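The form predicted on its own is given below as one chain in structure tokens.
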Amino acid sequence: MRLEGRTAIVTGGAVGIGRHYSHALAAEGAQVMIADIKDGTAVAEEIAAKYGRNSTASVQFDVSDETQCKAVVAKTLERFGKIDVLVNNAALYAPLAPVAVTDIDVDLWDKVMSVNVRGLFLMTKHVAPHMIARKYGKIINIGSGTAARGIPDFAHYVTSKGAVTSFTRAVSRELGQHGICVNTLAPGLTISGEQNADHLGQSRGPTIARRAIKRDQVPEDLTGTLVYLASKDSDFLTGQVLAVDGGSNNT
């Protein structure tokens, strides 16, 4: 129970890889607020049935809206009394189809940035003061291996994940003096049931071929690193990008 007594917010925690993150944190003893644009009630009930009625709660919200982000923070504090861990996982990815940069609609570009970059900023902005007051906290930003090497036909998504890396590096410098660690967990292509079928068909084979460990990546490959970053074991690790991708990005 490496996270016993800790409270975590997981944005995008109701579906896909985020659902696995929520379960993994609760399994290690954390109280988890599942915050998602989709209804997380069913996931919260699954976790409560496994780990106890007080182990989880859920709230439906839009991560790109500042008022709603503030409300999630307030509801978490009201329910659990503190925030030790923030997992900035919410991102617009699954609905995206491959598209040339010359054909990306400006409104779609702005939507990707509003969720993947502004949302991460807003949650950090409103959670950080509570961590600063307690002189401790863990902020885990979910990036992507695509930011390290680039992929064609996803310039909007890859650019947004590059911003995640830069945000982590900048904010880790600001918040380290308060005992707050800020790191990026960068998955490779992960089979979660949430991918766009066209993208998965285009990328799956080449991705496996590029890996040192030549198999599909599944959400369970990520949860051990997530728990490590959320625990006291990583109290002297900050500003880093941890690529968990089977050796695809070997830098």
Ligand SMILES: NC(=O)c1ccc[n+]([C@@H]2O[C@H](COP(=O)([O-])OP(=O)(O)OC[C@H]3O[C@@H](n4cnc5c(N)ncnc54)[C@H](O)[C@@H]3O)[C@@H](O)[C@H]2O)c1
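Residues carry their position along the shown sequence, with the first being 1. Being a predicted model, the structure only gives us computed values, none of them experimental.
Below: the form predicted together with the ligand, not depicted.
- prompt: With the ligand left out of view, which of 90, 128, 122, 151 would have a heavy atom within 4.5 Å of it in the predicted complex?
  reply: Spelling it out, the residue with a heavy atom inside the cut-off is 90.
- prompt: Tell me, which of 55, 190, 58, 183 has a heavy atom within 4.5 angstroms of the ligand in the predicted complex?
  reply: Looking at the other structure, the residue within range turns out to be 190.
- prompt: Can you check whether residue 230 is within 4.5 Å of the ligand in the predicted complex, heavy atom basis?
  reply: Close contact is absent here: in the predicted complex, residue 230 is far from the ligand, nothing within 4.5 Å, heavy atoms only.
- prompt: Does residue 157 reach the ligand in the predicted complex, with heavy atoms at most 4.5 Å apart?
  reply: Taking the distances in the predicted complex, the answer for residue 157 is yes, it comes within 4.5 Å of the ligand.
field: Close approach of residue 9 to the ligand in the predicted complex, 4.5 Å, heavy atom
entry: Looking in the predicted complex, residue contacts with the ligand do not include residue 9, since no heavy atom lies within 4.5 Å.
- prompt: Applying a 4.5 Å heavy atom distance criterion, does residue 95 contact the ligand in the predicted complex?
  reply: The answer is yes: residue 95 has a heavy atom within 4.5 Å of the ligand.
message: Which is the contacting stretch out of 174 to 182, 97 to 105, 132 to 140, 157 to 165, given heavy atoms within 4.5 Å of the ligand in the predicted complex?
response: Stretch with heavy atoms near the partner: 157 to 165.
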